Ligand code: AMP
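Shown here is one chain on its own, the form predicted alone, set out as structure tokens.
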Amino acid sequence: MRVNYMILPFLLLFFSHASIADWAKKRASIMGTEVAVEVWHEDSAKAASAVDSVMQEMQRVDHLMSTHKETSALAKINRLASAGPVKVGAELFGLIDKSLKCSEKTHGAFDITYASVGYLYDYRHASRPQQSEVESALQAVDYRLISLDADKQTVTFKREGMRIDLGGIAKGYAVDQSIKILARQGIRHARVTAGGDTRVLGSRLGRPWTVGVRHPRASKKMVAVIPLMDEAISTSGDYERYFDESGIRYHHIINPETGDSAREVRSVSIIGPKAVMTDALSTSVFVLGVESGLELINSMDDYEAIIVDKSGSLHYSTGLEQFQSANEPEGSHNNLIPSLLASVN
């Protein structure tokens, strides 16, 4: 059953002021991004403890799945899996397996082996590989070159030079795990965010949570404000890690087919029940582009998409189109929802 979303005016700053003192909040830099947690409980000490447990979980997932920590299990796979099977724990094995299933569903648009070429880019220092280097590295980009043995829980790479990176799914996974922890502790109202991935638990004391989708070319503006209850939203944009060179933007969302940045869209936001999937799908749709991306999302129950294409126009999945037409001014040719979306051109 497709999710329906109530269109509301911009409410980003207009939350209820009831029981503000009982909200426990914390921010930290983890998993290469900003992690933020907001929890409410009648017992303020319990709320604070719940927030700390989320931060501990984020740290745990980071230590397990980071490509930048040499001691992580994922780093061990990248070092050794080309030489033979590497045994991993059930949790990491399961997420790699889920990643490969996402690759199959998206026909390779989502591919954790993109890292085989992606590591050649240095966005901080505005450095990119030569085309010859890209073409050589692309020989190791193919999710079908990963061999999983479910009985032995091992991972093997079938080609030299292969690397994997779970950056397109691990933050969403960590957010989901955090929500599970909060629910087990009796928390009924919370929001957990890791970079572009957010999931909310319950309401914000009787009102929907509202999550803003930032303008891809103006960081202080929003193109959408989405009301959510017990939902997740993930946004992938070409403004997160990038550099511009000769009028071309090189950013971290790599098209596995070309080894270059995907440039058909500027940002993609996916709404759905699980952050692990909204995370992977936002990356996938970014690579697929508007037409194929919307076809994918429209084929999936309970997931919706808002896409800003390369010209700045907005596109919506089927479940959101009703709000576009319902809110369009009479006689207007503007393809926007006035109460929800702002022009991005």
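Note that the structure is predicted; figures quoted are calculated from it, not measured. In case it trips you up, residue 1 is the first one in the sequence shown, and so on.
Another form, the form predicted in complex with the ligand, is not on view; read the next lines as being about it.
Within this chain, residue 167 lines the site of the ligand in the model of the complex, having a heavy atom no more than 4.5 Å away. Using a 4.5 angstroms threshold between heavy atoms, residue 256 counts as touching the ligand in the model of the complex. Residue 116 falls outside the set of residues with a heavy atom inside 4.5 Å of the ligand in the model of the complex. Taking the partner from the other structure, the ligand in the model of the complex has a heavy atom within 4.5 Å of a heavy atom of residue 171. A heavy atom within 4.5 Å of the ligand in the model of the complex is found for one listed residue only; from 155, 162, 211, 109, this is 109. In short, of 291 to 299, 276 to 284, 34 to 42, 309 to 317 it is 276 to 284 that has heavy atoms within 4.5 Å of the ligand in the model of the complex.
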